[in-house]
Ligand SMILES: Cc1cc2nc3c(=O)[nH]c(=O)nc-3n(C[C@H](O)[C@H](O)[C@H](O)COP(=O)(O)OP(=O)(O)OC[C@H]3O[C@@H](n4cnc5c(N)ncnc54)[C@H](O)[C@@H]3O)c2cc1C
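Only one chain is included here, represented as structure tokens and corresponding to the form predicted on its own.
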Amino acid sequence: MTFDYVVAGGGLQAGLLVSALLHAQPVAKVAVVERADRLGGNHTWSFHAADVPAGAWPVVAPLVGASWPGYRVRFPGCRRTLKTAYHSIASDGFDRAVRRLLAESGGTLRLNAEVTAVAADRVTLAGGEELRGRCVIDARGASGDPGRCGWQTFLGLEVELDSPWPDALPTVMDATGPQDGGYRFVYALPFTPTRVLVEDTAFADTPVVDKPPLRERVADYLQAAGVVSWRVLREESGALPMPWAAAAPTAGVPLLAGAAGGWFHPATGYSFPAALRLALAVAAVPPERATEAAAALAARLRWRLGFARFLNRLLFRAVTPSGRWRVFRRLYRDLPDAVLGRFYALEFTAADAARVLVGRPPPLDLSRLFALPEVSPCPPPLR
């Protein structure tokens, strides 16, 4: 049997592709191959309302697990509530949703299936079995050397509380704590009044995730919020590259999607905006034109992705680590909701880019800007 689409990998990019393809082409024959026993791994993906292009919400809605009408940020001397909707996709719900979409369309899902080769018209599994497709998409996640980059490191605990969390809105950045090891902030998502994900995040120079002290930081944050006792339901951690020298996405055959193809926001770590736009572009054309559609999208995003990488170079090579938080305080203090929304969505204008750059600079160390960074070991790729 030859499928219209064969997708290797079962992470966020694969789920968005499945939903977009089956929304735009309900009779398409879609196959997904994943090496694990479930889709989505152990992750929480979040996104802003502006990340979803007009008319695309039906593609996204089946995957969404939680939504809020706004979110908060906190910095020394600056508190702000943004009236921009914020949404999250949790891996458990994601797994169920993508399975359901495939089952209802007669699609094929192969779990516990190790991919040994991906070619223009087929995916080869361990043991020699081949799944042939008119369009083959490699969405297995990033691997290998990400190039010169900083890192977004994180450890989060999803906990069940003994009393209600004090805020119904998410806190996307709380940078009022110690700023050691780079720009450090806490991220809190209250899924229910008594179930919350609290994550310690840093924009750091290395991908090291030292888990014991990070768990203590999360515990300290919970206690400071007035939580007396809690039960850990789940832990997630990782290190996302924030590149300043990597190449922009390109479109080849087979089509390289997701993080491996560069379809993420270099300056924020959010993968959803670029991954969704790629899924929508591929779904809007016949399988044989998927590469052409991806190439057109890559060309449209190229200068924005280049600007984001330029910002990373400034942040990680010119700004002193202890002063990085000042960059983000200025952005959230000075930029309107709409400009921030366009920036996160990779839809910002040249005027928006100028507004991001204009302002009093934080403490700089220009000797770092042109120095070669130390080589850091790469962590296992995130799916």
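Don't overthink the numbering: it's just position in the shown sequence, from 1. Small disclaimer: the values here were computed from a predicted structure and weren't measured.
As for the form predicted together with the ligand, it is not shown, yet the points below apply to it.
Enquirer: Heavy atoms within 4.5 Å of the ligand in the predicted complex: which stretch in 229-237, 280-288, 200-208, 157-165 meets that?
Expert: Among the listed stretches, the partner-contacting one is 229-237.
Enquirer: Report the residue, out of 330, 342, 43, 29, that has at least one non-hydrogen atom within 4.5 angstroms of the ligand in the predicted complex.
Expert: So the residue touching the ligand in the predicted complex, by this definition, is 43.
Enquirer: Which pick from 319, 33, 52, 346 sits with a heavy atom within 4.5 Å of the ligand in the predicted complex?
Expert: Among 319, 33, 52, 346, a heavy atom within 4.5 Å of the ligand in the predicted complex occurs only for 33.
Enquirer: Examine residue 254 and determine whether its closest non-hydrogen atom to the ligand in the predicted complex is within 4.5 angstroms.
Expert: Result no; residue 254 lies far from the ligand in the predicted complex.
Enquirer: So in the predicted complex, does residue 113 come within 4.5 Å of the ligand, heavy atom to heavy atom?
Expert: Contact with the ligand, yes.
Enquirer: In the predicted complex, is there a heavy atom of the ligand that lies within 4.5 Å of any heavy atom of residue 90, even though the partner is absent here?
Expert: So residue 90 does not count as contacting the ligand.
Enquirer: Wondering, does residue 184 line up within 4.5 Å of the ligand in the predicted complex on heavy atoms?
Expert: Close contact is absent here: in the predicted complex, residue 184 is far from the ligand, nothing within 4.5 Å, heavy atoms only.
Enquirer: Relative to the ligand in the predicted complex, which residues of 182-216 have a heavy atom no more than 4.5 Å away?
Expert: Nothing in this stretch is in contact.
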